[in-house]
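Next comes just one chain, in structure tokens: the form predicted alone.
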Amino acid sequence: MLIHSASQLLTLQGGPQRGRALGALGIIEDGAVVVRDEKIVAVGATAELRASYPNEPTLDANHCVLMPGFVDPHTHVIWDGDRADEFEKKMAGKPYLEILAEGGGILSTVRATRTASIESLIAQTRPRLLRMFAHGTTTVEAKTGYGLQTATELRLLKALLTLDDETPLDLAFTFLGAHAIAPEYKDDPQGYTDLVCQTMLPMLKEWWDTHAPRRPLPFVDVFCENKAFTLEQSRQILTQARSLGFPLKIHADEFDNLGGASLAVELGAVSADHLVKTSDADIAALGKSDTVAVALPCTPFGLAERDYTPAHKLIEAGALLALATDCNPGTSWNESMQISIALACRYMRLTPAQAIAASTINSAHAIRRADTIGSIEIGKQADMLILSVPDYRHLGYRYGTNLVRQVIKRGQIYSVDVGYYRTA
């Protein structure tokens, strides 16, 4: 297939973008792409590729933007129920950590998720993933974390494996048994930390080797925060995970600066996520590392907070910056990376070009897939979007509406309907 006549072809070629280099879109005016067997085989100007591939079936981009599919590198997309009542409390002024201390927040969703069947979890999660797909996300990182007991955490992973096979998106998997202290251990957080290290992680390794032997090991994540896991407990969990061969991630500095970002750098974590209260020393450490700083602007927006990830400090330090939705039931029930881009432009002061790069090639790097997705380059997987607009700057400028006209996933074309998708 030859996709031609794109007003702007955003290639994002050249790999992940550090620091001030963020925002290099590699634009080809009147661009075209040739796709065969799910892969990109040629990239260039329309006239050039039409001459080189005269007999290729064609798809007219109709003078609209052609770009890589969005990669969402931080979501909690699988859960049961909702927390609309807590949203009302938060809007009335009650802090999130206070709600959590009262047994709400994550623990409220844990209670519902523990009792949900795998069929119910799949049925509730599938439409969320399809809405993400309809809004242009072609690869999603999906965390467990609403079980906080071994059996439920593994049930969540099993459901996600099923959804990876059933939906057009590709999923990247993360084990987040250390999302919060399990309610049974509310007076013994160290006991729960030991359980994660001594029981959950070894069982996860054995389970994964049996149920998904041909897939890469999932990431292991931990919520390093006051009222969750201390810096030393986070170190204990991540060190044990690394010894078992798992790649690492960390939630850090959402509410307090405990040093989680520097811990991520020290242990070679793939990413450190949230980073709202991150210190200058931690930012400097990230800037000298390959650990991706993943910003989640939908979360402070969802909490009606004023502070956002200090994007320009990270850029000046030379860090790798990515964007994600943090889709979850409590603080960010948002399935659109386009909204993340719009918020990042307004509250983190990114340009649309910087936000797009942070949502494609850099976010692919945050899940170790930048070698296969995140840009439009020869040999990469044919995951692309045709927008309904002629200029990439409409992303960020416009919000609250879907600017994706067609999604191309592994070379298959999907025309977008409102909220869902259909095969073209």
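Just so it is clear, the model here is predicted, and its values are computed rather than measured. Residues carry their position along the shown sequence, with the first being 1.
The same protein also exists as the form predicted in complex with a small molecule; that form is not shown, yet it is the one meant from here on.
Participant: Can you check 312-320, 73-81, 167-175, 127-135 and let me know which stretch has heavy atoms within 4.5 Å of the small molecule in the predicted complex?
Facilitator: Correct option: 73-81.
Participant: Can any non-hydrogen atom of I106 be found within 4.5 angstroms of the small molecule in the predicted complex?
Facilitator: Flag for I106 set to yes.
Participant: Taking heavy atoms and a 4.5 Å cut-off, does H251 contact the small molecule in the predicted complex?
Facilitator: Result yes; H251 sits at the interface with the small molecule in the predicted complex.
Participant: Wondering, does Y146 line up within 4.5 Å of the small molecule in the predicted complex on heavy atoms?
Facilitator: Although the small molecule is absent here, Y146 would touch it in the predicted complex, with heavy atoms inside 4.5 Å.
Participant: So in the predicted complex, is the small molecule close enough to T299 to count as touching (4.5 Å, heavy atoms)?
Facilitator: Within the cut-off, so yes.
Participant: With the small molecule left out of view, which of Q338, N328, S262, T139 would have a heavy atom within 4.5 Å of it in the predicted complex?
Facilitator: Contact with the small molecule in the predicted complex is made by N328 alone.
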